[in-house]
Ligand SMILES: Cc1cc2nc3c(=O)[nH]c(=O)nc-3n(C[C@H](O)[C@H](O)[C@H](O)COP(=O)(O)O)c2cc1C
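Below, in structure tokens: the form predicted on its own, a single chain.
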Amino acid sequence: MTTTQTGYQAVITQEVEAHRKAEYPVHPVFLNRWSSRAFEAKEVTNETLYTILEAARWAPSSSNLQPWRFIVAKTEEQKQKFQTFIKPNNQLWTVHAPVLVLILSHKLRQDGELNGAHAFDAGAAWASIAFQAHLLGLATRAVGGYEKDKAREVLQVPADYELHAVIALGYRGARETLSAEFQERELPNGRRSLNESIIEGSF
């Protein structure tokens, strides 16, 4: 790690401490992980990538159906294919991510009936990716701004799979590599009070 990178990490640590205060004691991983748009031009090895996806393999799963699937783009050709359906504003920064992963979920149970938990379980897999990546020193950001119909066509996704988010994955870069608009937003954000999310007994 260079001196510049070390200094930037110190700034990020200060910003996390300034913007993120837990109301109850939680593991630091939950406060220190946040979604970045800035990525270094540094390769993510297959071992690192597959370690991250291995964590997702062990996510909680209703009836152990494991509906999640991951379409991975690592090569320039594969990533350019993804850029054809990512919306222009998101192309400005996703083009620099070393890896892009589209998370899908299989919608049906083994008997052909709808698996009502398929999207819920895919969300658990995404969380596992985000936290395992953070533990390995990488950053992630989920991208909802893409054309799903075009992605389905370009990637030849069957109709019984639902498309969720494109995950940009890589080593966190300095915010100065982003456009001015994105630099202003390249911060660890806070959360509303826990009491605002808890409903005791009934709505």
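Predicted, not measured: the structure shown is a model, and the values here were computed from it. Throughout, we count residues from 1 along the sequence that is shown.
What comes next is about the form predicted in complex with the ligand, which does not appear here.
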Considering Gly144, Pro158, Gly137, Pro60, which brings a non-hydrogen atom within 4.5 Å of the ligand in the predicted complex?
Gly144
Check, residue by residue, if Arg69, His106 and Lys150 all come within 4.5 Å of the ligand in the predicted complex, counting heavy atoms only.
no
Just to confirm the contact call: exactly one of 150-158, 29-37, 46-54, 61-69 touches the ligand in the predicted complex at a 4.5 Å heavy atom cutoff, so which is it?
29-37
Any of the heavy atoms of His19 lying within 4.5 Å of the ligand in the predicted complex?
no
Does any heavy atom of Gln14 come within 4.5 Å of a heavy atom of the ligand in the predicted complex?
no
Even though the ligand is not shown here, does Trp93 get within 4.5 Å of it in the predicted complex, heavy atoms only?
yes
Just to confirm, Trp126 within 4.5 Å of the ligand in the predicted complex by heavy atoms?
yes
Which residues from 186-203 come close to the ligand in the predicted complex, meaning a heavy atom within 4.5 Å?
Asn189, Arg191
